[in-house]
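For reference, the chain that follows is the form predicted on its own, supplied as structure tokens.
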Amino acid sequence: MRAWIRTSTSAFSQVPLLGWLFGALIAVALEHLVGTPLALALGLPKIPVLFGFVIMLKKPILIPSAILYVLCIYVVPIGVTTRLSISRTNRLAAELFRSPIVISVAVHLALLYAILHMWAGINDYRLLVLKLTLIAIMVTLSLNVINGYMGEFSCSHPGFMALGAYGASVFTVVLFVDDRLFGAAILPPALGPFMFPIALILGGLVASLGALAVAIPSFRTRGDYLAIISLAFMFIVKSLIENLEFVRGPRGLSGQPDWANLPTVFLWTVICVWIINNFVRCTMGKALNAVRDNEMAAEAMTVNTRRTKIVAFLFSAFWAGVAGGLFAHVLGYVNPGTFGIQKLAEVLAMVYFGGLNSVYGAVVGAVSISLLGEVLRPLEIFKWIIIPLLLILVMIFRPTGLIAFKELNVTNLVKPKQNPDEEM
């Protein structure tokens, strides 16, 4: 039995990323073709939205049916497809690897988007969960720059998200929407989708300006003062928005146009991952690591520690603001109460669960906590007991998170796993 497990594990370890993507594409295509009749045949009321976990919690009697559905649609097709196509996918991966890296990455991203698009196309709930998960990746990555790579503890990201959300929303609603509060649209609505990137960048810049209010006083001090000042900043922003009748105060701002579709959110997430990954691997990222490990030694090595911290903080706030702008336009409504202590706890959980100082860890943490929160939604209040307990266990056995201090090397991701001429 052990020998069989070792052999199977060794075989699957030779599957390149391209092979896993092809397997997942086959699985989601199969779900589109036979998902509904298979679900009905197994006694399920509909296709499971999140791999059967929600159905299992709502109706435990359907646990065998949900497990069988996931095995038939996902596990077996992906396993068989990847196992039988190891040689072909390695050969194709090698051909792509010999071309410019941009082409290979573009092919992998196109396959990933096709998988996500088909998976989310089953129903609107999946689409919403996917969009919010991609936005969570952006927020987690941006906070990891401060709490992971710089080694500080910031609590201000919900405030940055709020500034970005309201900044982008005011831009789009005032210019392109006929609104009761702001009046008639100033520009033709047809121009809106083309101007939407400007709205998101504006939201990021507004968040960066707000970050200066935290960075300038807090980085003159040491220790826990950043956590205290940043937490106060989050409450100040929330209270300020609640008292601004210009944006409807605590009632929230609505009317954001539906321009944050899946391709837009996916593209911005890819850009965010790429830019942040390059940022933490460049000279500035190495300076951040030096500041985190020993600030006095970094200063002795001619690192301008204060400038490095402020640049990283503004950079992190910018991407939190962009994520906030996307968040507001995905929901079509934004409320200051959304950006309070619960949002802070959620984002911090994603960062520390996935792993500090790691782009991989930020992605894993954001996806895990986002999906876990949705999966446990039927348990209502009990999910806020299970998730903290899980985090406590992670902090005990993996204090730095699941995948900490691991660089994202795109070349290693897309390269073949074996010699393409090698036969299985």
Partner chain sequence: MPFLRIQEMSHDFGGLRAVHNYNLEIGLGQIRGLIGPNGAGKTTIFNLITGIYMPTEGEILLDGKKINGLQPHQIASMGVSRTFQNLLLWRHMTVVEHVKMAHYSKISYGLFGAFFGTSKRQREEAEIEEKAYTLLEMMGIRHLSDQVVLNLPYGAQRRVEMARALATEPKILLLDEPTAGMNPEELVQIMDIIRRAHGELGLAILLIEHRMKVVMELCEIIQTLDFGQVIAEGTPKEIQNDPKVIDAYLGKERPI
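Since this is a predicted model, take the numbers as computed values, not measurements. Residue numbers count along the first chain shown, from 1.
Separately, the form predicted in complex with its partner chain exists; it is not shown, and the next lines address it.
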item	value
In the predicted bound form, Val311 touching its partner chain (heavy atom, 4.5 Å)	yes
Any non-hydrogen atom of Glu245 within 4.5 angstroms of its partner chain in the predicted bound form	no
Exercise: Glu299 in contact with its partner chain in the predicted bound form, heavy atom 4.5 Å	yes
4.5 Å heavy atom contact, Lys286 to its partner chain in the predicted bound form	yes
Stretch from 288-296, 117-125, 164-172, 210-218 whose residues place a heavy atom within 4.5 Å of its partner chain in the predicted bound form	288-296
Val303, Ala227, Leu267, Leu240 - the one with a heavy atom within 4.5 Å of its partner chain in the predicted bound form	Val303
Heavy atom within 4.5 Å of its partner chain in the predicted bound form - residue from Phe315, Phe196, Phe176, Tyr74	Phe315
Contact at Ile275, Arg307 and Glu407 by its partner chain in the predicted bound form, all three, heavy atom at most 4.5 Å	yes
